[in-house]
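A single chain comes next, written as structure tokens; it is the form predicted alone.
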Amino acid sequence: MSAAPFSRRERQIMDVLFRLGKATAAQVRAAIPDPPSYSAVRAHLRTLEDKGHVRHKAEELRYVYMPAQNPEKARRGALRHLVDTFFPGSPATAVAALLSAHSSELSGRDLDELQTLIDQAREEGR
């Protein structure tokens, strides 16, 4: 599977497929803002399939598209790409940036959850 970033339209299409689980080209087109033509959506789906991000199956007389990866695996891959690209491979720097941007929005429960994850990571690292 390619690690190249998605174009804006490809990201929109992938977002729809992850949200819906599976969709026809018409359903994808209906779910994205300011959609391109039906033919353009089909072309994007074909490109995403060629890149290994999407697969399809025939249902009745139409193709139904779905992500080739489960959402969790895709999320981890996208996050790894983000950390490598913008935070020189440092998860700590990425988390620090996220916390500084959203610290006022974190509840006590959020902070406890983060502390638990940090404690778990510390234990696994030993």
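Counting begins at 1, following the sequence as shown. Fair warning: this is a prediction, and the values are worked out from it, not measured in the lab.
Not on display, but discussed next: the form predicted together with the DNA.
Screening 83 to 91, 96 to 104, 31 to 39, 66 to 74 for residues having heavy atoms within 4.5 Å of the DNA in the predicted bound form returns a single hit, 31 to 39. Proximity of R8 to the DNA in the predicted bound form: non-hydrogen atoms within 4.5 Å are present.
Although the partner is absent here, R46 lies within 4.5 Å of the DNA in the predicted bound form, judged by heavy atoms. Heavy atoms closer than or equal to 4.5 Å to the DNA in the predicted bound form belong, across 55 to 82, to the residues L61, R62, Y63, ordered by sequence position.
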